[in-house]
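For reference, the chain that follows is the form predicted on its own, supplied as structure tokens.
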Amino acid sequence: MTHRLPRLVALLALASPALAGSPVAGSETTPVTFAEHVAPIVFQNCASCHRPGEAAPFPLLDYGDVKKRGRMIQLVTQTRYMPPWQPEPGFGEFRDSHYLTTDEVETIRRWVEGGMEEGDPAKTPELPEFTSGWQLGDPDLVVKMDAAYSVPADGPDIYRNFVLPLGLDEDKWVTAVEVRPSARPVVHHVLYFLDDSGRARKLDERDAGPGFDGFVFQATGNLGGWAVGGTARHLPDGLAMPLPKGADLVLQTHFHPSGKAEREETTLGIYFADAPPERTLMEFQVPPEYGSYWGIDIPAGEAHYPVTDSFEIPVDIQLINVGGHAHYICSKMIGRATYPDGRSEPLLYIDDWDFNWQGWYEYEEPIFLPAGTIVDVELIYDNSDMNPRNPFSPPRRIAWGLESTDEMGSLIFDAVPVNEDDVAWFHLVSAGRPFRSYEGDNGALNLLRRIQSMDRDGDGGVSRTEVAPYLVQLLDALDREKDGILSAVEIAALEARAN
């Protein structure tokens, strides 16, 4: 339950007078008390954020705290604004769910409307044991911006890159990154890029202030990212991301001015694996990165604007987790898998997308998707004046763009291959989707041809120094021998599969 309530007026209008279901506390005549009925719900689902040192603006750690905010808690739980858990139940099973059951929501309503009695204090459960400081324990490496960046009180969104030298003299594998912004109200998201080319340092040196602006930087690797509503967690099942020796960490931070001038000095904790992982973590987006550029041009007043895309899984994989990304006027996200035998399975359904809460959801058990499975994604946008999150009043035409008041959108999946030999082919097919021609030509083959054209020394292979910066990460993924060169033999193997 937390952070900000910008929609209270709209929520009051939308709040239903009662919710169906059998109340946890028994019949309507049974008294509901804080100690026996409400404290277990709040302590389990709210207190982890609503305590000193965390992002929430007030604590919810005892009867007095909860009673003081009782009517607001009733409102935000009835409207499902809090706790911040976006996936609808029954459309994928996820770990660590904070979704309140209908019974739990009804219990809170009855307690508030019945006078918010405490009950017997001796029956109040103990608070969970929370980790103080770093939520994942002491990091193996802590890095911090060397100077604070000033964010103005208002104005357009800011995308700023900050270079943090890591000074590693050996390759590492990363299982988690925990970010600790110093000015949380203005930090919307942070992406963790890697650079072992020195280009980011040069761009930083040319800019007078801390960091450098824009999207001109081409990373040579990445460690994921964080957005409002996200929590740090270790990758499951022994998975880890590569961190080459000598690489710098580059934070690409999206600032959204809050009405108050702030100074941000981000600190990160990095957690290393004891050994390289046995399986490779792979990511794919539907629509692909920037793929929704062509499908988003939403007229003012349009209340139901769909963007759809599909991806045919080229090899046997297991889905590990899923997250979504969009801006203010996206309203729904639907992901579904259709197997080669015609069976269908929901992967994620967000019925009320909220830009402020961009979580990452780990499946309770990995989902096996055989080669030939179709992953379909539909995004719905509401650009009407009935959308309380619409940034414009009256509504304006909204197209794809980088500002928060523009739009974009995709579901992002993490997966592992069933067969490690399929990793390079999966990466090429997934990355090749934007390279499909209008005639439907093979995007993987088109992308491979583009990579081959960069062979400046004519040896039949392509090295990291030859390939365009924006393709370095892909080359590393295709390079099975991990020698920094996509050899002629490796290219021939991929070409054979593409044909």
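When you see a residue number, it is the position in the sequence shown, counting from 1. Not measured: the values here are computed from a predicted model.
There is another form of this protein, the form predicted together with a small molecule, and it is not shown here; the text below is about that form.
- Heavy atoms within 4.5 Å of the small molecule in the model of the complex are found in one stretch of 426-434, 464-472, 44-52, 442-450, which is 44-52.
- Among heavy atoms of Pro57, some come within 4.5 Å of the small molecule in the model of the complex.
- At a distance threshold of 4.5 angstroms between non-hydrogen atoms, Thr77 is in contact with the small molecule in the model of the complex.
- For the chain shown alone, Met72 is a contact residue for the small molecule in the model of the complex, at least one non-hydrogen atom being within 4.5 angstroms.
- Taking the partner from the other structure, the small molecule in the model of the complex has no heavy atom within 4.5 Å of any heavy atom of Phe255.
- A single residue from the set Pro84, Pro288, Pro242, Gly225 has any heavy atom within 4.5 angstroms of the small molecule in the model of the complex; that residue is Pro84.
- This chain lacks the partner; the member of Trp400, Trp357, Tyr149, Tyr361 within 4.5 angstroms of the small molecule in the model of the complex by a non-hydrogen atom is Trp357.
- Cα-Cα spacing of Ile41 to Pro185 is reduced in the model of the complex versus the present form (difference of at least 3 Å).
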